[in-house]
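Take a look at this one chain, the form predicted on its own, written out in structure tokens.
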Amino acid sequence: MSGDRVYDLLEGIVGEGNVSREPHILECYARDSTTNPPSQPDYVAMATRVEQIQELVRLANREGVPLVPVVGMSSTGGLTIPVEGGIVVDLHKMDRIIEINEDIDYAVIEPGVTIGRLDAELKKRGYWVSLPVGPPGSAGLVPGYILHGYGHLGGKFGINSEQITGMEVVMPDGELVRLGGCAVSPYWFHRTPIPDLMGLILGWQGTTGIVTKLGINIYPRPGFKDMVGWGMFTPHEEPLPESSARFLMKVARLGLAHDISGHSWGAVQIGRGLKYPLPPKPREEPELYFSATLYGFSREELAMKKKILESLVREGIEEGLPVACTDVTERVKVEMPTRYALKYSDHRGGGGLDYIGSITPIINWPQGIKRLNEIFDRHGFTPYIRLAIYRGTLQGMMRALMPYNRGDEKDVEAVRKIAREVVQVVLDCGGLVYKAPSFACEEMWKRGDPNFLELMRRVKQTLDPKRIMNPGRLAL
């Protein structure tokens, strides 16, 4: 016996060697790559079975101790920082790929399955999924999906959460429930037509339950890939004119590309591994780079898609848009999961990387990107803006990334200010912040329907009356 009653109870649940209160271990769970203030948990418990998670939740209820689920330790937005201490439940050992159903095209995985492992397994079988953009292959797939993350095939499949077909959840009282079609059917193939209660879990940042199994769509992997690239040759002060935004909307409406992405000039240089400070942008290079990723099951299909898209770009040039084709040879070789995360986080040295991501109407990107450039310039940071269009819509991701030096307090404070200013830009553009840190949630709720916020509070109170599940998130 350790003399610490809670520690002994935790060890009794997850077993010897799977619980820790060592300061150097706790410190690993006290922070993420962002500038959100660190906070240590009191204990870390590594679960290996669903029954253990149920017992941990019941223990947290009895003891009135906060409980924070984590996977992969690549979270952002401070979402897994235990701001009120308590128990961190590390799920990375629950890493079984339970089922890959090639007759109905879905997979069922545990929360510890990494992006890289699932992608490798599906690749062997000729399948793929939309992989979260940004995290390394060692990151868990489940968090990106249940937090409405963006995938590298968003132009074809939409946001990650739209690919969820079912889930198993340990609720805040320790009960186990299945949501989606798997609640009735032996198959995890779809979340409708029964009432879709996944809304009680999706986007709630681990405050309403712990997902222990997730069903997701899988798709046959096309054998042929190509890209069409174009640059926006615009002034830094007016990086994306409305006419150019409308051109992007025209490309989106074609529905040909699996991914349509844009990067600011600085973002491209960081991706190439250049360190801070960057040289001035050469006049002959574009302010924004765009690329459309095309896939086909035959060379003929791919060639037809590329021909149509290149014709559209030529039409844009003939109509006077500030557009020219760019070489995307390097990007064609890029595969997911990305290997670029370390380049981004070490651009200024010190390994820090913060960001504010949003879902924002494309028509409002011109004012948004212009103001983001102004914010980065005012604080002396390289404008690092990432854009992507979602399936079947005229909205998409507008994300500002801020590499910073963790060891430089001036850098840290500057990025904290930038993040708050970016949130205001997003909201002014009619956008919504995803994977939002608490301060961003507070700003969204100030502008939102008060009855929406009240309903969220009532749902949280009903499901988690003792407020043990990841307290401090969503500004609730």
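Counting begins at 1, following the sequence as shown. Just so we're clear, the structure is a prediction, and the values are computed from it rather than from any experiment.
The following text describes the form predicted in complex with a small molecule, which does not appear among the structures shown.
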{"item": "Proximity to the small molecule in the predicted complex, single hit among Gly262, Gly166, Gly72, Gly396 (heavy atom within 4.5 Å)", "value": "Gly72"}
{"item": "Gly266, Pro403, Pro135, Gly154 - the one with a heavy atom within 4.5 Å of the small molecule in the predicted complex", "value": "Pro135"}
{"item": "Partner contact for Gly209 in the predicted complex: the small molecule, 4.5 angstroms, heavy atom", "value": "yes"}
{"item": "Contact of Gly144 with the small molecule in the predicted complex (heavy atom, 4.5 Å)", "value": "yes"}
{"item": "Residue contact check: Tyr344 to the small molecule in the predicted complex, 4.5 Å heavy atom", "value": "yes"}
{"item": "Contact test in the predicted complex: Thr234 vs the small molecule, heavy atoms, 4.5 Å", "value": "no"}
{"item": "Options 353 to 361, 244 to 252, 217 to 225, 278 to 286; stretch whose heavy atom lies within 4.5 Å of the small molecule in the predicted complex", "value": "353 to 361"}
{"item": "Three-residue site Thr80, Ile115 and Gly140 fully in contact with the small molecule in the predicted complex at 4.5 Å by heavy atom", "value": "yes"}
